[in-house]
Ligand code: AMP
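First, one chain by itself in structure tokens, the form predicted alone.
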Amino acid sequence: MKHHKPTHECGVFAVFGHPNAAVLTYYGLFALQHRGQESAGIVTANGSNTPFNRHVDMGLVAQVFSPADLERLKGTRSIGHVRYSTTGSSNLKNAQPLMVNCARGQLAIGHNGNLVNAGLLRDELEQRGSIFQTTVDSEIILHLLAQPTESGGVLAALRKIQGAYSLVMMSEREIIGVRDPFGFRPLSLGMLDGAYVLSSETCAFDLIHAEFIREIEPGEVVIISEKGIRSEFPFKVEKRAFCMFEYVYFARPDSIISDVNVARVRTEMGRELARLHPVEADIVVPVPDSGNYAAFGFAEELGIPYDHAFVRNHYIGRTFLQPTQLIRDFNVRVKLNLIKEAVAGKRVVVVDDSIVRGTTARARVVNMREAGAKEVHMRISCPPHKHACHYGIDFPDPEKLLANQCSLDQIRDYLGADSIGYLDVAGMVRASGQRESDFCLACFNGDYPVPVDPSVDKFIMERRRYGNLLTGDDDQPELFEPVR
């Protein structure tokens, strides 16, 4: 089934120092399921010099782990991952956390984000004899960590990677959380019964009754061991570039990011949208679930009744039987179905978080017309997407983005709507209560915080002529050493 919304990225979770680490991680991943429904996995350990236990599989968290699986994953520390592929194909070998045995001992890693220099690093590692088992860029980090001659341990290895990454890693002695210097992806620290917890989002803390301590800072490496917790800041300080689309779409509405509730930001986006593009209508209808709060704010601002006309099917699994003409618009209708009586004879405002290719939005308008809606007005709670994302969100190539190829009038005509209005960057930022300089807005304005050259990977595949980058010696007994 093709995805006409941006596909989810990944979620990471970790626990150090709790006798039920695997079970807590299971519930943590359950809370992060919205960040990836392709595969799930957990790696556990019971202390130093004990074998790691790993269980990964394709599917949702509840499908991947049985009670027997969790019983086998005994340990006081664990890391977990839910995945939706942005780099690498969709198959079991790419499921995370990844795990290896190497000269440094046992290592495991879970990664949320995307490396922009993955092709270059992979080529250099392969030239030095590294053999890759997956097609995900996360394995590159694991190979860098595993290099026995790499001077400076993990901190030196991390300085080599570029792009977006929030990581949870486990060695035989520590669990480590890492957030890239730009802070593209969220990562937070919590505590439960004296145990430390790391999570992509704070909603996972709520589920397991953990106390939210703070966010991991951009460029921070948090190292948790039996000695306690310490932080390193080994990277050059960069301009903050948090992904605005976390607020718009990805993050769960009950999560806290930068001390602001996500639901509150989305509601404010709706209010800003209403002030920018008001319309006379009889009803405001959200496209669930991410459009719910923006639609509420839009309706409240203009005093228009708010109602749910779309019913979402939350139980969609993989569809192996391809739809035919027997079921027209299967890909659209299988997820959302319309309550016709709610819109018949009415002027309807449909509020959605984004339009990517436009196929799904067009089908929504068609459904409204077929149900007897008198007028259909589309309102979008973020600016037009005109550029690809290279930092972990699966936006397609620009030529496949509707707003990149069409003017607003052309988009309106293609959708078949009576009018269309997008929130602008200024209103979106105001809704967050933060500064424009705090965000990555590349998918809207093409300003990429980390330079990206899409031709590099093709060049590498054709010409493998790079010198060795990884040099030096490391006789340190621990994987992580302080910054000098």
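The first residue of the shown sequence is 1; numbering continues from there. These figures come from a predicted structure and were not determined experimentally.
The next section is about a form of this same protein that is not shown, the form predicted together with adenosine monophosphate (AMP).
**Q** Based on heavy atom distances of 4.5 Å or less, which listed stretch (346-354, 165-173, 71-79, 117-125) is in contact with adenosine monophosphate (AMP) in the predicted bound form?
**A** Of the options given, it is 346-354.
**Q** Heavy atom to heavy atom, is Ile141 within 4.5 Å of adenosine monophosphate (AMP) in the predicted bound form?
**A** The answer is no: Ile141 has no heavy atom within 4.5 Å of adenosine monophosphate (AMP).
**Q** So in the predicted bound form, is adenosine monophosphate (AMP) close enough to Thr359 to count as touching (4.5 Å, heavy atoms)?
**A** Yes - in the predicted bound form, heavy atoms of Thr359 and adenosine monophosphate (AMP) come within 4.5 Å of each other.
**Q** Is Asp394 close enough to adenosine monophosphate (AMP) in the predicted bound form to count, meaning some heavy atom within 4.5 Å?
**A** Looking in the predicted bound form, residue contacts with adenosine monophosphate (AMP) include Asp394, since a heavy atom lies within 4.5 Å.
**Q** Any chance Asn94 has a heavy atom within 4.5 Å of adenosine monophosphate (AMP) in the predicted bound form?
**A** No.
**Q** Does adenosine monophosphate (AMP) come within 4.5 Å of a heavy atom in each of Tyr26, Gln63 and Phe65 in the predicted bound form?
**A** Spot residues vs adenosine monophosphate (AMP): no contact at all.
**Q** Ok, Tyr196, Phe205, Phe245, Phe184: which has a heavy atom sitting within 4.5 Å of adenosine monophosphate (AMP) in the predicted bound form?
**A** So the residue touching adenosine monophosphate (AMP) in the predicted bound form, by this definition, is Phe245.
**Q** Out of Gln147, Ser290, Asn367, Ser130, which one falls within 4.5 Å of adenosine monophosphate (AMP) in the predicted bound form, going by heavy atoms?
**A** Residue within 4.5 Å of the partner: Ser290.
**Q** Considering only 249-273, what residues come within 4.5 Å of adenosine monophosphate (AMP) in the predicted bound form, judged by heavy atoms?
**A** The stretch 249-273, when checked against adenosine monophosphate (AMP) in the predicted bound form, contributes only Tyr249 at the 4.5 Å heavy-atom cut-off.
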